[in-house]
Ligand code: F6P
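This document opens with one chain alone, in structure tokens, the form predicted on its own.
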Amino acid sequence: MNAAIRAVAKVAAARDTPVWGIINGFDGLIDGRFRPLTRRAGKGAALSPMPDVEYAGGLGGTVLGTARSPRFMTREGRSQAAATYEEYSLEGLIVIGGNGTMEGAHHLYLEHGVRVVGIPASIDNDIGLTRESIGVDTALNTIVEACDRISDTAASHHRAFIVEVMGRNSGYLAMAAAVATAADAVLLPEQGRGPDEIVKAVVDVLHQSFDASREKRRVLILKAEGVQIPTEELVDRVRQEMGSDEIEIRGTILGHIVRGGNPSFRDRLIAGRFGLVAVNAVLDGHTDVMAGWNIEEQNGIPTSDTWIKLFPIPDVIAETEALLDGSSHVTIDRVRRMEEIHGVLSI
């Protein structure tokens, strides 16, 4: 998110447009907690980003802070936010976040006519109409590095590891990381398997992988957060099923370690491109839209970036729901691809 904040400040400054940062998201908008992101260093000087904003692009997290806002979920709270927007004579609001953020921005536009443009940011990669969101690539690099380290330990001790990664109800991180780490199997919520079926599948992979003829030293199984069996329970049940087999099975939950760290090159790149498109969209009069990295969808509004288009936020919300309930062609394609390489992972 910091890379996007920096990009917005730099692009806006180049177009001689001051930018204010809102502390802690919609809560800060309600309370009027602002800080300048641009400045003029002297009389007659050109507008430029604040020094700390210039350096923030390589830092993890967000210098502006983020928070869920129960107040903003009410009409009264959104009315207060809109009143603050008017009080400060703002010309547009750029929001950076996931589906909840986009829904909040959409309501602000519908109810009060606030000009809003969204930038997708979610490590889960579960936002519709964008191939990738800010944070996904950094999270994947962190997962791959962690799994490589776990594989070293597993191979040294002839163990099997079940590694849970974040992603809520989306299995994208687990799927992509499984391919990158040459995992032996991957468990995704999109597969819709029940606990008993999952346990059996894991036991089968372990028997196949640790067959004496394979001379295999480790087994790595990635499990998405949204799979409907806790990792600890899965490990215990697999141990029981394996019985006296001399295979050590461990479970590791990477958790919030996946969300932190300095952003990767790719995240900084797409954040910069999203920031450029978002600022131009506000200044060109667009509203209730989100910038999406999507060259396949023909219904988006073209921008100066060939790869990035603007999509109506209602369409983004609808596609996001389809991603999560399995009806989106993107989700269907992901599951199909995983089924095609299912046997390959365990070879």
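For every residue, the number given is its place in the sequence shown, counted from 1. On a predicted model such as this, the values are computed, not experimentally measured, just so you know.
The form predicted in complex with this ligand exists for this protein as well; it is not shown, and the discussion that follows is about that form.
Under a 4.5 angstroms non-hydrogen atom cutoff, this ligand in the model of the complex has R259 among its neighbouring residues.
Contact check for L90: every heavy atom lies farther than 4.5 Å from this ligand in the model of the complex. Within this chain, V235 is remote from the site of this ligand in the model of the complex, having no heavy atom within 4.5 Å.
Contact between M166 and this ligand in the model of the complex is found at the 4.5 Å heavy atom cutoff. Comment: this ligand is not present in this chain, but in the model of the complex one of M102, I123, I162, V116 has a heavy atom within 4.5 Å of it, namely I123. Just one listed stretch, out of 227-235, 152-160, 251-259, 200-208, contacts this ligand in the model of the complex at the 4.5 Å heavy atom level, and that stretch is 251-259.
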